[in-house]
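Just the one chain here, laid out as structure tokens, in the form predicted on its own.
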């Protein structure tokens, strides 16, 4: 192990007794996330590991490229330095992540849709010394924003920009020299993003030990092996397509990862057909779009379609099974830890009507009422969990940890669930103030703060309204001065100018004379949701 000292400052460790137990039970093995590349390069060097457009890498080639990139990183960054990674589904994303693991540099997993507000928060929260991004992507100048951030943020010294045209985007970073020593499996490997209900996302520290257990067990439950071909349809920095079983699970199993630049049916179906994709993961709105465009007889090579990120309605689940003719696997979990799967051999009733059961026996669940007491069997309550891959605290967020975790280390997930006698969970809703739009979790309080800066807006609230395609759409409810004359396009331009991420833009706006409040003076979002269903409520598209 390389000597990186104690756990990254600001990361909350597992209690020693639990860490010892997880090692004794063989859940934490000491292997590192980059170690799987070396193992595959030795065992099956010529099998294809990565496909991105016309570019292809074998396991041996990927391992060698990660080596040179890791050496280049270590010439610029120190062990445990943080680098914000905002790359779309391109080969450079996978190479850079593994190079960070090998160099003991910690990637902060940003999404392509994040803009200035979030990126600045990530850099400030982590004291990141580097930012890796793309030049232009989907019409947005990411490199231009990165240059502005480097000028404004003291810690940010290095920008690594991949051109849109393709080729080797990291030529200038690669370096030769002796191989680096193995990383420390007990150390933080990456910082992921929470769904967040209290503003900008919290950061989730994942160690090699705990995250690789989650990856390994996920790959087993998804039936992955060397012949598996996984299509990355969702943004690869999301926890679901990264590790459940995702990019890391497919590579751990010695299989192939195919990177999809856009998730539209035409692009995805073409890659599934060309590369013989056997498994992929989507969110419910994307599943619905694919279903509408699916060819008769389904997709010939696809064996498993995973659906997660938001609850899958039984009606859509039934349509997916009939339309695609492959095995459906529901995935429910959170980047903080717990992941539940329906098993590949489960009965139709389980697959269609539940969100699965925890991946391992060491996962501990509690379903409790508002007082923290267990609810009767089969009744709906708030889900709490702890286990060998569920964190004990966020990164540098001790005040938030006091409400997010119980005194005995259980994570309060914010999900309302019902636990069936067979151990499978049925998700019934959310107890946290959060909107789930197309699988993206949005904190209302963050968007509300920006809305209140728009001229003429006295107060604002953001709520989710049901939507058959996206699950929920974002509605901005405004209290304005005088007659309501604000229109959505102007409001969206204002939010964009303030650096708000695109997926957080309100889909509609509505006007009220005053926001309803609870007895303690907080905005009553449930009352607003009911009010929005009433035809007397004013609103504009």
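A quick note: this is a predicted structure, and the numbers were derived from the prediction, not measured. Positions refer to the first chain, counted from 1.
There is also a form predicted in complex with a small molecule; it is not shown, and the following applies to it.
Asker: Quick check on this chain: which one of 228, 355, 200, 385 has a heavy atom within 4.5 Å of the small molecule in the predicted bound form?
Answerer: Only one listed residue qualifies here, and that residue is 355.
Asker: Which residue, 311, 90, 74, 216, has a heavy atom that falls within 4.5 Å of the small molecule in the predicted bound form?
Answerer: So the residue touching the small molecule in the predicted bound form, by this definition, is 311.
Asker: Just to confirm the contact call: exactly one of 361-369, 297-305, 262-270, 413-421 touches the small molecule in the predicted bound form at a 4.5 Å heavy atom cutoff, so which is it?
Answerer: Within 4.5 Å of the partner lies stretch 413-421.
Asker: Is there a non-hydrogen atom of residue 339 within 4.5 angstroms of a non-hydrogen atom of the small molecule in the predicted bound form?
Answerer: Close contact exists here: in the predicted bound form, residue 339 approaches the small molecule to within 4.5 Å, heavy atoms only.
Asker: Is residue 115 near the small molecule? Define near as a heavy atom within 4.5 Å, in the predicted bound form.
Answerer: Residue 115: no contact with the small molecule in the predicted bound form.
Asker: Would you classify residue 281 as touching the small molecule in the predicted bound form, given a 4.5 Å non-hydrogen atom cut-off?
Answerer: Contact check for residue 281: no, nothing within 4.5 Å of the small molecule in the predicted bound form.
Asker: Would residue 333 count as touching the small molecule in the predicted bound form under a 4.5 Å heavy atom rule?
Answerer: Answer yes; at least one heavy atom of residue 333 falls within 4.5 Å of the small molecule in the predicted bound form.
Asker: Decide yes or no: are 239, 244 and 441 jointly within 4.5 Å of the small molecule in the predicted bound form, with each residue judged by its heavy atoms?
Answerer: Yes, the whole candidate spot contacts the small molecule.
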